[in-house]
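Next up: just one chain, as structure tokens, the form predicted alone.
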């Protein structure tokens, strides 16, 4: 399959189109070749990790929301050797033009492969426009980036590598650069049967690794199995608030993955374009899309701060307070944020005015959705 070799100027999941692309070729810096003194070799186990055996639980496969949304997602033929190659590629700074930035530089494992800063900084030193979200359960995400501009993970993974503000690598030179490194020919041979390195194979390895990052071992999942016997009273209060009809939290964040394939206008601004980022509206030019952004999964939300497309909220309490009291009127505000929850968009936003006990409980409940197993699993960590 031919992967997005002609599309190489968008940002990481959640970044923005490079404004200077036009119809001209992007001017990439000359890639720097590592010296023997600076080259770090990957430290890999003799027996590869069992990526091919990592599966979603049966309950996930039978979840109605995931059955619906997952049909639009992406599957991959994951092999141990293929995902091992992808792990090395993901964490290797040699994929950047100056050998200083990797995919893992913005997607940190301890934060469920999100970034703890509002806007990441890549090779250019220029902060990106949007916040870097986490990477997990990608089987259930067909359209990617905050503005959903890309369909399919295979059409996304090379783009941050080629973007001049992120990794700055000329994709036409990437295969040759990797071929000159001593550890890649053997990794590609193990994954594909011969040592030939191509953009298609680089893409395949990255996709296999990313698709293997599956998050379904949180305290909430334990609660589903034991009737939430280990939940505190505050967590139980928050659970009730989350699934309560008037808050409508689970209308936008539904199913076991707590997500939606839809993009919503959630009332952060009166005019998103005027403050610098209109989301899908930047692409469509339609006022009905001004500020329409992807609905991210709430899985691991306790470790992926800061929040929203621009990282404006430092903690979950600020997010809860916003949705309780501070949604801004917008001409196309999604009806889920109005008093009656139905009807045309653009209605007056609701004011839930949650009590202090409800706010604290909701934050506590959201923390139960975090899966600390993926944040420490050595199969996903940097081998360098």
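Residue numbers count along the first chain shown, from 1. Computed from a predicted model, the values in this text were never measured in an experiment.
Beyond the structure shown, there is the form predicted together with a small molecule, which is absent from this document and is the topic of what follows.
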Only one of 307, 184, 192, 220 has a non-hydrogen atom within 4.5 angstroms of the small molecule in the model of the complex; which is it? 307
Within 4.5 Å of the small molecule in the model of the complex, heavy atoms considered, which of 157, 88, 169, 112? 157
Exactly one stretch in 76-84, 100-108, 184-192, 226-234 has heavy atoms within 4.5 Å of the small molecule in the model of the complex; which is it? 100-108
is_contact(residue 215, the small molecule) in the model of the complex, heavy atom dist at most 4.5 Å: no
Is residue 316 part of the interface with the small molecule in the model of the complex - any heavy atom within 4.5 Å? yes
Quick one: is residue 132 in contact with the small molecule in the model of the complex, heavy atoms, 4.5 Å cut-off? yes
Can you check whether residue 208 is within 4.5 Å of the small molecule in the model of the complex, heavy atom basis? no
